[in-house]
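The chain below stands alone and is given in structure tokens; this is the form predicted alone.
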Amino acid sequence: MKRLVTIQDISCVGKCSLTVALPIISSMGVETSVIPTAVLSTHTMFKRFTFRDLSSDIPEIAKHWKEENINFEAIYTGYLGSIEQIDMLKDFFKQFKTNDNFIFIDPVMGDNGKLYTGFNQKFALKMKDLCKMGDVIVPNLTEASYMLEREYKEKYTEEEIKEILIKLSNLGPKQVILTGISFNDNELGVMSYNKKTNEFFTYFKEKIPVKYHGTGDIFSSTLVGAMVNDNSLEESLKIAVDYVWETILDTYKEKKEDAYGVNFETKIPYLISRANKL
């Protein structure tokens, strides 16, 4: 069985980060090891959430794993609990990156033009440095704007998105995916750029008129699981976008408008059926 490690927080309520990564990737037949970066009572869209930084545990976990000669097909990072953790992950990458695995970075910092609580421009530029070590990075347009220090806009042309993708790839990653892409009012999806082949790829679904927290984490977890299962980037993107769309639609049908997240659980059988066709 293939194994990856995902390094991100535990939000005890809210359907994001490790509480979605672990079941989703596991359901795709990939052993999922974890390093929690922090423990939060809820995700950050709730008010007065509790937060415990787990930075001190990261080097000790890495040291033990190195002693045990534990290896991974992929290293997948998400929400980090502090700016200091970025340097810790740089060290982790140096210890566990091999010629046979890949580093997948979701630079979780913000959405809708704003950074999440606890993050600032200094953190964004530090995250930009981390992305230089990634093989695959998956920012949304807000995160890309902060890392590239360019103005965030609500609407972009296709040429502008291609320009952003190329600039992100110039940091170092071989493959860059931008999420939350839309060129009309009826569709929403992703665009990717493969530096090696110099090819762009887009995949869209019908836009559902609602926004839920945590869908980015679901997308990234599904994408990395599909890639570890030896799918092409294009096939992996289709699986990830389709699954996220199914979870949003299922939640929307229930007329849920709270901050808890989408019904990803009810659609895991759908994901398994897609994964079995990989």
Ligand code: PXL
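Because the structure is a prediction, the values reported are computed rather than measured. Numbers follow the displayed sequence, beginning with 1.
Keep in mind the form predicted together with this ligand is missing from the figure; the text below concerns it.
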Which among 24 to 32, 37 to 45, 219 to 227, 239 to 247 is in contact with this ligand in the model of the complex, heavy atoms within 4.5 angstroms? 37 to 45
Of Tyr79, Phe92, Tyr193, Phe102, which residue is found within 4.5 angstroms of this ligand in the model of the complex when only non-hydrogen atoms are counted? Tyr79
Answer with one of Tyr156, Phe123, Phe201, Tyr116: the residue that has a non-hydrogen atom within 4.5 Å of this ligand in the model of the complex. Tyr116
In the model of the complex, Thr19 touching this ligand (heavy atom, 4.5 Å): no
Hey, in the model of the complex, is Ala74 touching this ligand, heavy atoms inside 4.5 Å? no
Is Leu165 part of the interface with this ligand in the model of the complex - any heavy atom within 4.5 Å? no
Looking in the model of the complex, any heavy atom of Leu178 within 4.5 Å of this ligand? no
Could you list which residues of 208 to 239 come within 4.5 Å of this ligand in the model of the complex, counting heavy atoms only? His213, Gly214, Asp217
